[in-house]
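Consider the single chain below, provided in structure tokens and representing the form predicted alone.
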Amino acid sequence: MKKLLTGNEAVARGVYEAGITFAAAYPGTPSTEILENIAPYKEEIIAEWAPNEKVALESAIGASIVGARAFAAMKQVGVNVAADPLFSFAYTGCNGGIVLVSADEPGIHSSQNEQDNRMYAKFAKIPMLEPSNSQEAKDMVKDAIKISEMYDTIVLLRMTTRICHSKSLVELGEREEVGKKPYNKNPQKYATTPAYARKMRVRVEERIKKLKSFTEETPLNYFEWNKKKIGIISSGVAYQHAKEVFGKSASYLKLGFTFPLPMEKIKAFAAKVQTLYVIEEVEPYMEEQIKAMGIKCIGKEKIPNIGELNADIIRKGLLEEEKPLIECDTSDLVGRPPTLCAGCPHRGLFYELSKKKNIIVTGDIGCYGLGVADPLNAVDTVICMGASVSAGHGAQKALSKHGDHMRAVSVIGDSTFFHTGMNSLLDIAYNQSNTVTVILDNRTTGMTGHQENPGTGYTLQGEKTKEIDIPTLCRAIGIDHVKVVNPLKLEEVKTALNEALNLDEPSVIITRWPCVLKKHSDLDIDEFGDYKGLCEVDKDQCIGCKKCINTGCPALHFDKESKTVKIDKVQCVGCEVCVQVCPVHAIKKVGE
């Protein structure tokens, strides 16, 4: 039976069919839907959200070592977090087969950088596969598991945004029930102490030699002979773009197994074509290795190494042709920068922070990163997941050392706090800076589409579980001053900030209120009730001061004709932040 699947859905199906029994991930675009689509296979697969990518991979490693087939998935920057266990596990090898998906994001749609994680395979010396459509995405999970067990190594399956999110037909298969291999105690294999690791290092090089032979033989790398005036070496989604531009006017060496590269196959292909192009997205990963072998080819001098590749870019770069575009007048288009949602519980905090003087606000990865934008302008920095708390600590230490009275306030989401922020808070308690850490607990992982986390009380597969109490955790870490506030109550937020900033010790403020877009769980309903409603402006009372507009709520707009503010009834949820800001009480909640 065939089914139309995204690449992420196809990977999930491949995990099922490959007989994998343990899967873990931390949600991150463009990889998030992989675990969400594995979760329904409850009888066959244990699927878990982990607090971060390192924990996800380490959990999968543990399952592999005891003999189960295992899987971990993450976005490209997540592999940075998991790099430590990845490089060590590349030495030890596995027991049950294990696959790691790196979902890269050329074009930086929702990440903090653009990185080409094919380099990780070469760096860690582990085999890598690259699918170019959903069918291959499913099949390559099964291929990767076999390669993993055959060559005693973790395998990297490298995806990119267009493969993850685009759909194509997939032939479904049956699950291979393999059970679990026996586990035999073997510290010489699994303990990376120096004496053992030196021997493992030699075995890694021996494995690479075997993989070099495999890459020449595997059908994952194959020729497509057409006209030989142009020859193209490509992989992943770049192969699909190249086919769209050149069709049957060129021959192809399509690579699905891309580390190690099949250099003998590449030499044979290059010898039979007149002009050789290497078409790949982002970095010249293949091109550099091919040129290092003395093979003449054209690549990044014609194709940019920045952003997502597409057929138009290839056509313009290699053929100097451009398809005509539909002419349109863009002067009438309204700029729509991203903004916090109407009723977002983060808005009250950022509004109060924006009024504070002489503070630096270190932000983090999440939708609350939008606190950096107009009109709130509350956030100064965003570095990477979990960095806000430790960056705030370093900033505060340096400021205090130099006699500067500026204070550091760090903001971090609940899921991000569990990811790596709690380690940073531990550093603050231990090394004693007087930073103010604000944990924005919106009762879910908002930025990636509402995944559960250790603070929500539910697992990925819908089971009720122990809800980690953030205030108790912060006190256990060593923070004495911990306060929980409702972020929609501006006076509560203001008082908590003032108290914390007046302390000469580390403090934590937790803003606890559910994401406005979240489907409320039974626990949410018990705690927060049905609070949603609607606010309205009395146009006779409104003086047009625009103070409510400065909260950045997209439901509010200033009507130039009447010189008053109006509220969009569709967007408004009655959070009442604007009610509290209005100096003449012209805004009221209605329907109570």
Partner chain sequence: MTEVKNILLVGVGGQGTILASKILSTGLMEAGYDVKMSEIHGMSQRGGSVTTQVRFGEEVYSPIIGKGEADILVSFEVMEALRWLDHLKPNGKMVINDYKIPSVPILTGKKNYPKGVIDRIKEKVDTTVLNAAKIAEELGNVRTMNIVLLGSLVKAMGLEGIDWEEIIQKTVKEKFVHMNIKALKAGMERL
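These numbers come from a predicted model, not from an experiment. Residue numbers count along the first chain shown, from 1.
Heads up, the form predicted in complex with its partner chain isn't pictured, but that's what we're talking about next.
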Exercise. Does the 4.5 Å heavy atom contact test between S424 and its partner chain in the predicted complex come out positive?
Worked result: no
Exercise. Taking heavy atoms only, is V590 within 4.5 angstroms of its partner chain in the predicted complex?
Worked result: no
Exercise. Is L169 close enough to its partner chain in the predicted complex to count, meaning some heavy atom within 4.5 Å?
Worked result: yes
Problem set entry | 4.5 angstroms heavy atom contact with its partner chain in the predicted complex for P554 | yes
Exercise. With the partner removed from view, which of 88-96, 148-156, 390-398, 335-343 is the stretch that lies within 4.5 Å of its partner chain in the predicted complex, judged by heavy atom distances?
Worked result: 335-343
For this session: May I ask whether S110, E244 and K323 each come within 4.5 Å of its partner chain in the predicted complex, counting any non-hydrogen atom?
Result: yes
Exercise. Among L534, L523, V66, I549, which has at least one heavy atom within 4.5 Å of its partner chain in the predicted complex?
Worked result: I549
For this session: Name the residue from Q289, T381, Q240, N486 that puts a heavy atom within 4.5 Å of its partner chain in the predicted complex.
Result: Q240
Exercise. Are there residues in 1-30 with a heavy atom within 4.5 Å of its partner chain in the predicted complex, and which are they, in order?
Worked result: K2, K3, L4
